[in-house]
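As a starting point, one isolated chain is supplied in structure tokens, in the form predicted on its own.
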Amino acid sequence: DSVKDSRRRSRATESSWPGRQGNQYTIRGVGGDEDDGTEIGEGGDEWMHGKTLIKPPDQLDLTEAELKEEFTRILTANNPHAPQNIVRYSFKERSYKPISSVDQLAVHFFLEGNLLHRDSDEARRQKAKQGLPDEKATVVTETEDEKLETPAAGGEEAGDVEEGGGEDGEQKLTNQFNFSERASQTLNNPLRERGCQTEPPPRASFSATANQWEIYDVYLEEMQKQEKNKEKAKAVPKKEDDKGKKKLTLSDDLTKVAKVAKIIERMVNQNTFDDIAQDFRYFEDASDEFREQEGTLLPLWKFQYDQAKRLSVTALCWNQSYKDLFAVGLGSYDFTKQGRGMLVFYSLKNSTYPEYNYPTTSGILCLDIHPDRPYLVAVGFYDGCVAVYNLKEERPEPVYKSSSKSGKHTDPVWQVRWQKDDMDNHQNFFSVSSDGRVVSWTLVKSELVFTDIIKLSLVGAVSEGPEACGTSFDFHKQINYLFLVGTEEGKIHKCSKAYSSQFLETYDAHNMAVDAVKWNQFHPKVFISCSSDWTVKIWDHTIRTPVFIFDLNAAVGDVAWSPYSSTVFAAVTADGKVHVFDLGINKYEAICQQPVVAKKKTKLTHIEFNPVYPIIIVGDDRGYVTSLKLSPNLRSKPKEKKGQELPRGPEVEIAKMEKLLSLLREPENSKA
């Protein structure tokens, strides 16, 4: 019906065109089937020239049966121009492999459209936003206007339109022109794709183990390179400095990772010596429960520096701010073989390599770390010099050092001790030497200023008689001006900073040189001394005779009070043994006597208690430092009764020592 409607409308339009009367043409189907012809008026020849069918001369004449014969062709999705020999490199099999799957998709044309279906929700929203009227209303108005404009249309057409309108409910618009569509497709040029893939770069596996020696060697090489670069930079004229060229400094490569490398080194060492770390933290000797008055020492880490071989440990000192860090002075007590020395700092976190090391031209005999400024270290040397090292400055030389012009000692310096800052807030320390001088050294700007405090003599008056050799000294913990000096003749002098011409008291302490003298950290009247005459003596400074005398059957190298009890002290002897005493438990003999060296001829030289942890460190004449953990009996505290809290603090420790002293004073008073 729609075909008939179109033909009727075309006739109506043709009849209305002027000059279309006369000749009529009929176009018939090619296959022989006759259809209703399309009538065209005059002037149609010109319009039909483009559609004239021309028969090629070489066209075959086919019969009716051949024309109606069907030929079946199968369309496939394969791209005829797709390459079939693509080869890729397989990293798995390490060879070139052909690819079986090839992309067959060929895109001829692609265009992104922006059309919307008029009945969609998006189209309605846009119409409502732009304020466009409904499309149905516009269609109706257009059809009404069309009816008014074409009243001469045939009755058939009008009837058809009405029928169509009755069916669809609206009148459809027709095309007013003859429209012809032609399409042609050009040949597709064959595609050619070339690809090139290089061979992968050669690979090799490398593995190595880095030990401390290799790290140290690399570090030295880097330091030498940096020193050479510094020398080159100095040799270059100053014009280059004006141009803004930067000199190479030490903070180039290694120092950027120094902190990280140190942390990793500590982690590796803690994993390597994990059993020792566990013992340090958690182990408690269970056998102490069955021994009431005896204890043991558990060996922990052993510290030794390869470059300090054949040197003796001549000084030990814990850092009061960093509880795991301690300093070791290395030198020699054999005065016929004096040479170099070394200042070394170790941490409990890394026992295999020191944190800091400073080589010295003369052997070190004593050292002391500043209690408030943990980076300042005072050192006394065999040649009579005193020096101050600053750990913050990365240089091997001390920041302060005495000289012959600045009043240095003429004999070995046996002891140094930091004091509180003076009135001008200058740091100062004291030193004692074999030349008989006790000297105060003050750090002023870039030099050491000395002041002679007292000069020791063999006679009671300081200014008279031959000089005495000072070997040790210690300052009172509460009374700032009071201090003790031990001499090579075996005497101990009680002195005052205010009186430089006279001793306050002199004690006939030992038969040989006094190796160490130390005030008790709790009781203000008690001090201890030791000597190579095999004895350790405890004194009340108000009494000229010793309160306790202990014979250890060997030369005593050093003695130290414990920081947690007023009645506990420890001593080391030349036979390689550590003796720990607790006067509150046993007033006559040691509660622990234990050898801690591997070789029999090794002599122990120094001992120090850690200020916080229950461990001690001992040094020997072979350069080794051994850390030992005290068993529970060696640091026992009074048992608490149920419902009662025992008093704690320094007052309790003072009372313990005072009780012991009162027991010794009572027999004397009864005799009197």
Partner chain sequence: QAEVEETLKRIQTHKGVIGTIVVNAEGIPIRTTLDNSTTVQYAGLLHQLTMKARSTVRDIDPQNDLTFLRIRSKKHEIMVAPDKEYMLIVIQNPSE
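In this text, all values refer to a predicted model and were calculated from it rather than measured experimentally. Positions refer to the first chain, counted from 1. Just so we're on the same page, rigid core means the largest C-alpha set that superposes within 1.5 Å between forms.
Here the subject shifts to the form predicted in complex with the partner chain, a form of this protein not shown in this document.
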Contact flag, Asp424 vs the partner chain in the predicted bound form, heavy atom cut 4.5 Å: no
At the 4.5 Å heavy atom threshold, is Ala82 in contact with the partner chain in the predicted bound form? no
If we define contact as a non-hydrogen atom of the residue within 4.5 angstroms of the partner, is Asn269 a contact of the partner chain in the predicted bound form? yes
4.5 Å heavy atom contact, Glu265 to the partner chain in the predicted bound form: yes
Determine which one of 71-79, 345-353, 380-388, 437-445 lies within 4.5 Å of the partner chain in the predicted bound form, judging by heavy atom distances; exactly one does. 345-353
Taking 4.5 Å between heavy atoms as the contact cutoff, choose which of Val260, Ala498, Ala208, Ala128 touches the partner chain in the predicted bound form. Val260
Name the single residue among Tyr216, Tyr375, Tyr89, Phe283 that comes within 4.5 Å of the partner chain in the predicted bound form, judging by heavy atoms. Tyr216
Would you say Asn425 moves between the shown form and the other one, meaning its CA shifts by 2 Å or more once the core is fitted? no
Once the core is superposed between the shown form and the other one, does Ser446 show a C-alpha displacement of at least 2 Å? no
Classify Gln224 as shifted (yes) or not shifted (no) between the shown form and the other one, where shifted means its C-alpha moves by 2 Å or more with the rigid core superposed. yes
